[in-house]
Ligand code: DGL
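We begin with a single chain expressed as structure tokens, specifically the form predicted alone.
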Amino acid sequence: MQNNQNSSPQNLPIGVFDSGVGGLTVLKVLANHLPDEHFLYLGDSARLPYGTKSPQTIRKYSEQALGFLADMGVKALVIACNSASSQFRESHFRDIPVENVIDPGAVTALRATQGRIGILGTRATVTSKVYESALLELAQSKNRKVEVFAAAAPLFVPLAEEGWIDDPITNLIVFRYLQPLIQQNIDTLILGCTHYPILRASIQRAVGNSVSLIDSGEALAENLRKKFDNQVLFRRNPAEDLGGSEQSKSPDPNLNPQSNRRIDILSTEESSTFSSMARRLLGEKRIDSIKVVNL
């Protein structure tokens, strides 16, 4: 991995930020939809979870993380963290376009629901009521009536970070947290933390198959595609790539096309669990580097 400041602007990576490994669920979707783009991921694992912090602290940490990625050289920033998105609502940071996970999630939920939407999030996200505001404003603009119910699930983040994905204890905790929403007969559930899709199977079992689960990765990827189409952002030109490795400069045509782009991952804490979860969550996606950094 290199500092990208001297790279051609269109060939700069897309910076993705989360408090830990949860945002890798968003990164995987973005990498699927934008196979030619470089990605630079930052997980602030040393200070997780964000969801238990004050709004002022979350805002400060978010600005520090965004600033770090901006200094590395990126052409777009993705806040792949609901708690951070709830406190950083601006569309730009240092003139770099910013995407958050809340607005796409609200749009997708409104399309899916029959009228009863649940929100499962960290305490910070639930307390901010940012999803309720976004959903009710959207519903009003489309002349629709929806009811919104929210519940906090603070233990989900450490469970996901520990990799307790299909554990009996996890299943019990998931069922306990979801009871208030199940009792409201919700038909759609927003996974209001990017760690929560890691526990998707347990969550789906608890609410039943009739409830649609919404995470914002797909909608967020669509928003980025629109920015490329509208030339708010410019697509990477692999032939002119200035910032990649020797492999990316002279790709072997027999290799998977994904080999011509880089995925670099940064963490603020030395952790074997972070590295193993990163590889597990990204699956077949090649990770070019995993490094520890200080913000």
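When you see a residue number, it is the position in the sequence shown, counting from 1. All of these numbers come straight from a predicted model, not from anything done at the bench.
Keep in mind that the form predicted together with this ligand is missing from the display, and what follows is about it.
Annotated contact segment (heavy atom within 4.5 Å of this ligand in the predicted bound form): 188-196, selected among 89-97, 70-78, 219-227, 188-196. Put simply, S202 is far from this ligand in the predicted bound form: not one heavy atom of it is within 4.5 Å.
Although the partner is absent from this view, L48 contacts this ligand in the predicted bound form, with a non-hydrogen atom inside 4.5 angstroms.
Shown alone here, I117 lies farther than 4.5 Å from this ligand in the predicted bound form, counting heavy atoms only.
Taking the partner from elsewhere, T113 is found to have every heavy atom lying beyond 4.5 Å of this ligand in the predicted bound form. Just one of V148, V157, V130, A109 comes within 4.5 Å of this ligand in the predicted bound form, counting any heavy atom, and that one is V157.
Although this ligand is not shown here, in the predicted bound form the stretch 65-97 places heavy atoms of C81, N82, S83 within 4.5 Å of it, in sequence order.
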